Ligand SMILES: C[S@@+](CC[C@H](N)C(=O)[O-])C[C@H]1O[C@@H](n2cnc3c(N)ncnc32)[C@H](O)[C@@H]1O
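Shown here is one chain on its own, the form predicted on its own, set out as structure tokens.
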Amino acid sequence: MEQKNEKPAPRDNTTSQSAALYDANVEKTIPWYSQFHAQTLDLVGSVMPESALWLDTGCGTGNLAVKAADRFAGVKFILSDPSPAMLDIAREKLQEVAVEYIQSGSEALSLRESVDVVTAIMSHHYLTAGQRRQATDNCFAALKPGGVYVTFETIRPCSEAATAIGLERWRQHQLASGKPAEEVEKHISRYGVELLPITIEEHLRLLRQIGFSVVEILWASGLQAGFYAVKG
């Protein structure tokens, strides 16, 4: 009996796959994805170990919040994401954790109360320059004095040659992870079209311009990098 090819689930968020498939595919797609969370938790544990309220914007399916809730006892979360499908999955994972959910991207986010930690993991690289600045400004405004901001994003190297090398490394990671070549090429083609990366230098400059008193690179490899900043 001939089997019909199933159509892929339609995208219901800004990532390259549907929310239902996100967790199964994210580490196949993004090199060192688990390191983003490990580095974030380690940094927060050093700067703000007694965090009471944590905003994770662009929270996706709640993976970071699950890990943070396990490490930091008693912390409460505000999880925001523009995708209702992503938030629904996060709700299922975090039923035993104190969480407020907001359907919004960080470029349109306004909170009633200040928080100790803001994280934006792989979410701002979808934004235009103006949206990115507004999103970063909103994250700054949400923090208490002394609060810490952590963001990881796809970045743009400083030359076309380095960009080509980075994209090839990204392609090889996905192929080695078992993703079909057609899906890999579709994802790579989003770079510079749906993904709107900026350089490491531009990231650091933006954070300083927004008003953070401490601005540093947290982690970098290939076409992904993480940054942290402290509100003075």
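Computed from a predicted structure; not experimentally measured. Sequential numbering from 1, following the sequence displayed.
The discussion below concerns the form predicted together with this ligand, not included here.
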At 4.5 angstroms, heavy atoms only, are Thr15, Ile30 and Cys59 all close to this ligand in the predicted bound form?
-> yes
Any of the heavy atoms of Asp81 lying within 4.5 Å of this ligand in the predicted bound form?
-> yes
Is Glu107 a contact residue for this ligand in the predicted bound form, using a 4.5 Å heavy atom cut-off?
-> yes
So, in the predicted bound form, is Thr136 in contact with this ligand at a 4.5 angstroms heavy atom limit?
-> no
Wondering, does Thr151 line up within 4.5 Å of this ligand in the predicted bound form on heavy atoms?
-> no
For the chain shown here without its partner, which stretch in 160-168, 199-207, 51-59, 173-181 has non-hydrogen atoms within 4.5 angstroms of this ligand in the predicted bound form?
-> 51-59
Of these, Val115, Ile121, Ile155, Ile102, which has a heavy atom no more than 4.5 Å from this ligand in the predicted bound form?
-> Ile121
